[in-house]
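A single chain comes next, written as C-alpha cells; it is the form predicted alone.
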Amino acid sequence: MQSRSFLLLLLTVALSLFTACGQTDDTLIIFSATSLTDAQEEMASVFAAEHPDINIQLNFASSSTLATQIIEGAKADLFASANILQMERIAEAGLLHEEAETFASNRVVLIVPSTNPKNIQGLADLTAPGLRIILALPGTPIRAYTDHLLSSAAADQDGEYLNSVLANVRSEEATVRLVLSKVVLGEADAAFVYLSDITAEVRDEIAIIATPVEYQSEIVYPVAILDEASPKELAASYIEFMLSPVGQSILAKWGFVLVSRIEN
C-alpha cells in the first residue's frame, strides 16, 4: 500500500512539473479584427521572439463580434478594432483600462475576379442586372465603410442607384475575409474589402477597381487595454511595440497606413 501511495505521489509531482513546463508565467490574450490577421500574427510572432516567457493568444473575428464577446464577459487583455464605434461600445460598458490609441488606417476597395468577366469598370457598373455582389454583414466595420461609400456614390447617380446595387447582393458574410474568399473562388462578380486584405496569396486572383477618394470614409484602427487585463504592463508593452518602427513596418508590409501618415 505504501509503495502504491509513493508511486501516486511521484506521478502527481511529475504531472505538476510537466504542466508547469508547458505554461508560461504571462499570457496575453488579444482580440483583433479579422482584417488584421496577417499583420497581427506577424507582430505577435516577433514580439514573442523578443519575450520568450510570454504566451500570446490571438482571437480573430469581426470587430462587432469581438466587442459583443468582451461585453458579455469573454477574457481579453487587448482589443484591436477596425473602427472607433466598436471601441466606443467597450468604453461605454466601462471595460477600458485607458483611452484607446490609433495604430493604423486602411482603405475600402472594390474588387472583381482577375478576369473581370462582367467587365466592371467602376461603381456605376454595379447596377447591371444579374451581378453577384458580396457584402459583409450589417454591423461589421467593413459594411459600415462600404455603406458610406455606396451612399456617397448614390449622390452622384440617379435615384435608384443604391437600390439597384443592393438588389444584386447575393450574400452577406460574417467577416471581410469570407467576402474576399467568395471572389477568389469565383463565386462573386464584385465585392468590397480592405486594401490590406489583398495579400500576395490572392493578388493574382483578383483585380482592384478604382473608386473616388472622396467617397471614402476615414478608417482608423484603435487598440486599448481592457480593464480586466493582467498584467497590464505586458499589454502596454505590446501596444508600444505596435506603435514602434518595427510594428509599424509590419503593418505597412500588410497594406496598412502608418500612424505617422494619419497624424500628418
Partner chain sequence: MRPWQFYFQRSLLLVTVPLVALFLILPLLSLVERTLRIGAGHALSGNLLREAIWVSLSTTTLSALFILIIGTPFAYVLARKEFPLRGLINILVDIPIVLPPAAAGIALLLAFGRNGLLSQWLPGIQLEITFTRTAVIFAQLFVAAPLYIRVAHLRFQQRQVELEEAAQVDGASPWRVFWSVTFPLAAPTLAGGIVLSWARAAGEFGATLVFAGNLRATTQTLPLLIERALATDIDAAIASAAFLLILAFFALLLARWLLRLPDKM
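Numbering follows the first chain given and starts at 1. Computed from a predicted model, the values in this text were never measured in an experiment.
Below, we refer to the form predicted in complex with its partner chain, which is not included among the displayed structures.
Judged against its partner chain in the model of the complex with a 4.5 angstroms heavy atom cut-off, the residues Lys118, Lys182 and Leu185 are in contact without exception. Contact annotation: Val169 falls within 4.5 Å of its partner chain in the model of the complex, judged by heavy atom distances. Its partner chain in the model of the complex is approached by Arg89, whose closest heavy atom lies within 4.5 angstroms of it. Taking non-hydrogen atoms only, Thr211 never approaches its partner chain to within 4.5 angstroms in the model of the complex. By the criterion of a heavy atom within 4.5 Å, Ala74 is excluded from the residues contacting its partner chain in the model of the complex. Here the chain stands alone, but in the model of the complex its contact with its partner chain, taken as any heavy atom within 4.5 Å, falls in 170 to 178 among 170 to 178, 153 to 161, 74 to 82, 92 to 100. The contact with its partner chain in the model of the complex, taken as any heavy atom within 4.5 Å, belongs to Ile134 out of Val165, Leu110, Ile134, Ala144.
Taking Thr68, Thr199, Gln216, Gln57 one by one, only a single residue has any non-hydrogen atom within 4.5 Å of its partner chain in the model of the complex, and it is Thr68.
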